[in-house]
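Form predicted alone, single chain, as structure tokens, below.
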Amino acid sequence: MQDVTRTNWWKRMILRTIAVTLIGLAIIGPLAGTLIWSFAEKWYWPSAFPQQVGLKYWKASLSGQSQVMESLWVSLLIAVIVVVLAMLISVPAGYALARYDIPWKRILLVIFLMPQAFPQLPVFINMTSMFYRYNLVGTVTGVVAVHLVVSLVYSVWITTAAFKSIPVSLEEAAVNLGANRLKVFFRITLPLAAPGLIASSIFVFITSLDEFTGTFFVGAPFIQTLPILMYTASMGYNMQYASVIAVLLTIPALFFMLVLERFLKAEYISGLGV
């Protein structure tokens, strides 16, 4: 009996190890290949590993006058602007949706979700045709507007959930003690909602930094962000430069996801179904 139990235990361990290995390869494999390509100076088929490795492409990409650095600063500038605008919209909107009995509240939340509910290609094509009328195509303003439309679903929904997770009784107690509504919001509600607002900002920043389709239709070729430059490099089969850009895009995403794990609390997730 013990032999049978021990055999079953070993079978489960082997199957579990195989499953974890396959999942790890599926997740880490593409990232590992990209990282290797970014250091490969010579890599010819059919060799399984690069014939020559070094920092040639990293040095060229990170030099002050390189296209990569120019595109990086443009991407960061656009992402920061989008975060600021998204929070200026979503903080008052999220508080109102969380605290007041607004007519058609669920429909309003669904409207913010609409850009993500449909295939993005026809949505961005229609936006491009509209932006042509107002001379927004090929401008930073147009790209910011596209990123903002895509990002509002995260900022509004998460911000609404963050405010909803704060007990109304705290605000009512402060009002009963003589504080006005504005002071209650800035002294009590906003600090308590800060982790949710930070999580919302991170989602918006990462979404803007990685946005390709909308930037391609509205901004290219005049506005060149990192995803656009990576696409151009990969289409020219310049795998080293494309891989360096991919790694540069992955680093902030991984960093902010670790930060997000700290700030995105369970009560915010439960509040998403407002």
Partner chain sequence: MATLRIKGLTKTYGQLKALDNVDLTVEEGKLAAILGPSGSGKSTLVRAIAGFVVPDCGEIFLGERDITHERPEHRNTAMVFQSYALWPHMTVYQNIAFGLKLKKKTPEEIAKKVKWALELVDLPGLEERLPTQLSGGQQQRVALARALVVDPEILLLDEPLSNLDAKIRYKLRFEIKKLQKRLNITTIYITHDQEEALSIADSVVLLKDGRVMQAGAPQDIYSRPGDLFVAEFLGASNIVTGKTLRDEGGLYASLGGTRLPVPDDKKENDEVSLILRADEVELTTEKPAESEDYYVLKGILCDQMYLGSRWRYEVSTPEGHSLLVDHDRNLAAHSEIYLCISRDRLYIY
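Positions refer to the first chain, counted from 1. Please read all numbers here as calculations on a predicted model, not as lab measurements.
The next section is about a form of this same protein that is not shown, the form predicted together with the partner chain.
**Q** Is residue 188 close enough to the partner chain in the predicted complex to count, meaning some heavy atom within 4.5 Å?
**A** The answer is yes: residue 188 has a heavy atom within 4.5 Å of the partner chain.
**Q** Applying a 4.5 Å heavy atom distance criterion, does residue 135 contact the partner chain in the predicted complex?
**A** Although the partner chain is absent here, residue 135 would stay clear of it in the predicted complex, with no heavy atoms inside 4.5 Å.
**Q** Residue-level question: is residue 174 within 4.5 Å of the partner chain in the predicted complex, judged on heavy atoms?
**A** Yes, residue 174 sits close enough to the partner chain in the predicted complex that at least one of its heavy atoms falls within 4.5 Å.
**Q** Taking the shortest heavy atom distance, is residue 194 within 4.5 Å of the partner chain in the predicted complex?
**A** Outside the cut-off, so no.
**Q** Do all of 169, 180 and 183 end up near the partner chain in the predicted complex, with near meaning a heavy atom within 4.5 Å?
**A** Checked in the predicted complex: all three residues contact the partner chain.
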